[in-house]
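Alright, here's a single protein chain in two forms, structure 1 and structure 2, each given by itself as structure tokens.
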Structure 1
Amino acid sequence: MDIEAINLTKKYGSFYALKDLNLKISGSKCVGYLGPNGAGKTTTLKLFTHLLNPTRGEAIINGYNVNKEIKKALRDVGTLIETPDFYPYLTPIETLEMLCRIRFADRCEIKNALEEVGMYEWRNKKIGKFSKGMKQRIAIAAALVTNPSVIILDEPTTGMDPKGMVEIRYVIKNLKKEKRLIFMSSHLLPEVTEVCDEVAMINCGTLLLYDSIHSIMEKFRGHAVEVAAMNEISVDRIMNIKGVKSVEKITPTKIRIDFEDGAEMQHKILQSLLKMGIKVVEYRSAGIALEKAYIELIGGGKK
């Protein structure tokens, strides 16, 4: 299982939607394709799924050039690009059966696909009555109905309420348990941190970074933690802890602490908070690391 872009470029007039993308992703994993709106994420996914033709360069899936060998390249790929829609008077079963006929695919995977996204019990209900989150789960089931080894998802939680976002993230985390390569675009930092193993970061059509979440955390961790507690936190008391540089109060029970160098210092701060009687329920730095990388590479770069 692999996806590879070689000097992949899409140009409209003098504007580069994507410029000389070189990226190779291999193996069973979930890779987040992270960047702001308009960065080139959807353009990339459309090039990989032959919805667009490249100006130059190659999009390759499992060794096949998407532009030259479409059927071979996409035969083991499931996709969800932009916001899908369905005939409201059809049921999930009827919808997936229709897709199987169009794709000349065996219908034996329909039950498994609906079970993977938690929609099998709704299989005979009309889709027109479903929430947006439920429709999105059907869209992911449509991507899974051929039991592909490669899954390409374009901002799967876009436009959803918090409940719908949680549902879709849960589905994606379950998909990771199978031996599949998931390539998922997003502009949401918590989403990528929660579900992805690696991150490719893009802005203005140019790849800025490709690395594992772990490596990014080590490189961009900085020296800050977010603390949540059951009781109100006194900023003044925490500022008196040796090694603390600044404290930002996010809510009465949530703060961000910037401190001097070292993991040992991070441990000592936690000990001090507990000695003060602060009932700590969350103490983390992982999300901050990705946020720091994003700001330095995208927020601090050219717009």
Structure 2
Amino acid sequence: MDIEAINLTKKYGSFYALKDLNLKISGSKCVGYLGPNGAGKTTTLKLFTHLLNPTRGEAIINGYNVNKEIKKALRDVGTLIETPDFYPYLTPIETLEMLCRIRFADRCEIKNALEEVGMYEWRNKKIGKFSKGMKQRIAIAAALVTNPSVIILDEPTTGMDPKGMVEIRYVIKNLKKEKRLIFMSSHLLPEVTEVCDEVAMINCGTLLLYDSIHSIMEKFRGHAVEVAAMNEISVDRIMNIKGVKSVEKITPTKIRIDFEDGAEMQHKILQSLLKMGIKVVEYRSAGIALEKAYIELIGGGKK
């Protein structure tokens, strides 16, 4: 199971949608692909799924060049690119049957795939009348139905209601247990933190970072906490706590504390607050490490 981009480039006129991307992802894991709108995420995924032809470079899946050996390269790949539409005259069952037939795959997984995305009760209705969220669920079922070892997902929770988003994240997390390589683009940082093991960040068509979530957490750990209390908090008293750099009042009962360094310091500040008699009801890191990394790297990329 591996996906590899070698100097992968897509150019429209003089504009580089993707420039010399070199990235190799191997093994059973879930990799989040992050970047702002227009960064080149969807372009990359389209190059890996033969929807675009590269200007130069190679998109390789399981050792096969997608552009030259499409049948071998995509044989064991499930995809969801943008929000696809389906043939309106087919039902979900017929749509997945068509896919299984094209791929010469076993059709016994159709029921499971539809159940997994919560669309089994709609199995015999024509897709033409479905909402965008329902079509997105069918698209995810289509990516899973042939039981592929490599899954490429382009913003899989787009167009879904909050309940649907939670369900799809649960499906993706379950997929990770079954030895698969999942390459998933998203601009939802909490989603990537929750679901993925590794992250690749891209901006302006250039790869900025590829690392594990754990490593990013270490590198970009935040040094600020948000505190909520039952009563009004006195900022002056908190400024006297050792290690506190600054205190910002968000609301009378909620503050943000910037401190010097480390998890130990974070713990000591909490102890001090409690000793002061502040009735703390919420104490959490302000901003996630991934968000910090994203803002630092993507912000830098824009300069």
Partner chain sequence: MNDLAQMIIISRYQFRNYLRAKRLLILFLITIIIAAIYLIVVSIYVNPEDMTVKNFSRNWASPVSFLVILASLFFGGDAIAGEYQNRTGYFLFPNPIKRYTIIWGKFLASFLASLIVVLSYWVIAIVDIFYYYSTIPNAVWYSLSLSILFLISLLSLTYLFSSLFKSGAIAITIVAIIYFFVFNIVDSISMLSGVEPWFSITYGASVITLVFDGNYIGDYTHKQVMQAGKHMNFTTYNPYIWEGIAIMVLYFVISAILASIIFRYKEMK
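Rigid core: the largest C-alpha set superposing within 1.5 Å between the two forms. These numbers come from a predicted model, not from an experiment. Please note that residue numbering is based on structure 1, beginning with 1 at the start of its sequence.
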Practice prompt. Determine, for this pair of isolated chain forms, which one is the form predicted in complex with the partner chain.
Written response: 2
Worksheet item: Relative to the superposed rigid core, does the CA atom of P92 travel 2 Å or more between the two structures?
Response: yes
Discussion item. Once the core is superposed between the two structures, does E248 show a C-alpha displacement of at least 2 Å?
Written reply: yes
Fill in: CA of S212, rigid core aligned, shift of 2 Å or more between the two structures
no
Response to the item:
Between-form comparison on the rigid core puts the Cα shift of R137 between the two structures, in Å, at 2.8
